[in-house]
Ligand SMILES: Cc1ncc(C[n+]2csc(CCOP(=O)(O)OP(=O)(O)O)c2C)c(N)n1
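Just the one chain here, the form predicted on its own, laid out as structure tokens.
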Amino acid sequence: MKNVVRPVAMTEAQAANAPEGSKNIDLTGVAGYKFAISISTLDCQGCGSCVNICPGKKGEKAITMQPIETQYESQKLFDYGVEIGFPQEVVDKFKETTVKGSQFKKPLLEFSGACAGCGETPYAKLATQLFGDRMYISNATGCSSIWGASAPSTPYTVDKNGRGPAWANSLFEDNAEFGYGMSLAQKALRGRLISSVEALSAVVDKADVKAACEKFLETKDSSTLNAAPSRELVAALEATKVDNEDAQNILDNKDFLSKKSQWIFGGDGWAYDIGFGGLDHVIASGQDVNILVFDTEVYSNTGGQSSKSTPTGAIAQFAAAGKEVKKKDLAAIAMSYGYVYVAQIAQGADYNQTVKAFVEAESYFIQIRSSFRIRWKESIPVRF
């Protein structure tokens, strides 16, 4: 749906100033706020997905398709919602790791060049709502690289602070390695900066800077928790002007200070077939890299040919009689390593599981590394 349908949360005063004819109800969970659903009429492609999935009462549809010339007025509420943004009290009330909370964050993937009703964009959009302000994306050539970079524009955008996904495209055969390289580069840059923070913390005599250093070091492995301490450390250093080589190094490279969320995007043609060797290498690396496969079970961008992801019996171009062999089990291959988080999701089947899988994937590396540390310490022989 390309973010055509969006929620709007308003104070009483904002609701009173909403465009004439706008409809709203009380926002459940936050007193004094109003809630509305807005539709960008000018961006709707008429796919009808919203009509099919939105439940109504007594068998009636909550949404119906109408001629575009009758709906121009609804664009005003959408534009108004974008203008006012989401009130901070509402954002803070609902956890961003829940279905409801995630939708009160600005999507940093907006109006793409995807086909009407595309099934890939909702997943990328959700990922940007959860991690977009600290996200690096390596995108394999394919559908997702086309709608992700519809030149001369891009659907990826920034939040109110100017932060958004850093996106780059690579080839079918080496996208996994490309994303892995992005992760290693970030790891090397941050390794030096973490050493500077540790050295600074040991010698600095300013209490606020020392506290900021300690808070940063406590959260350095979590992209979710480390963002705020990174900003606080930079602010403390800029305010106090500490005369120290390590402090200057931190300020000179402040854009790389916080922990980033590294993602590798691609379709099943890349993941199952053309780029599988590199993908397997990255899966087995044990590094903190997240991989999102848009599994359409067919070569979507080249006309619908059968791929290793196509199920048995499915009819596709060059498989007119139905595919004869079974679908490759990529999830089982990844699970065989024993230290990789694997999830298969479908938004239409379970919204909660979809959000949960994204959040668990991002946080898994910290948990598994902590587990390995405990096992390693327990395995050290004690000598008397």
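Everything quoted here is computed from the prediction, not taken from an experiment. In case it trips you up, residue 1 is the first one in the sequence shown, and so on. So that the term is clear: the rigid core is the largest set of C-alpha atoms that superpose within 1.5 Å between two forms.
Omitted here: the form predicted in complex with the ligand. The next part is about that form.
Colleague: Within 4.5 Å of the ligand in the model of the complex, do E96, F131 and T354 each have at least one heavy atom?
Modeller: No: none of E96, F131 and T354 comes within 4.5 Å of the ligand in the model of the complex.
Colleague: Between F256, Y123, F172, F86, only one gets a heavy atom within 4.5 angstroms of the ligand in the model of the complex; which residue is that?
Modeller: Only one listed residue qualifies here, and that residue is F172.
Colleague: Could you work out which of S261, N226, S300, S196 is the residue within 4.5 angstroms of the ligand in the model of the complex, going by heavy atoms?
Modeller: Only one listed residue qualifies here, and that residue is S300.
Colleague: Mark G269 yes when one of its heavy atoms lies within 4.5 Å of a heavy atom of the ligand in the model of the complex, and no otherwise.
Modeller: Yes, G269 sits close enough to the ligand in the model of the complex that at least one of its heavy atoms falls within 4.5 Å.
Colleague: Can S144 be called a contact residue for the ligand in the model of the complex at 4.5 Å between heavy atoms?
Modeller: Although the ligand is absent here, S144 would touch it in the model of the complex, with heavy atoms inside 4.5 Å.
Colleague: Verify the contact flag for T296: yes if a non-hydrogen atom of it lies within 4.5 Å of a non-hydrogen atom of the ligand in the model of the complex, no if not.
Modeller: Yes, contact at 4.5 Å.
Colleague: Choose one stretch from 153-161, 70-78, 279-287, 135-143: the one whose residues place a heavy atom within 4.5 angstroms of the ligand in the model of the complex.
Modeller: That would be 135-143.
Colleague: Rigid core superposed, CA of F318 - does it shift 2 Å or more between this form and the one not shown?
Modeller: Passes the 2 Å threshold, so yes.
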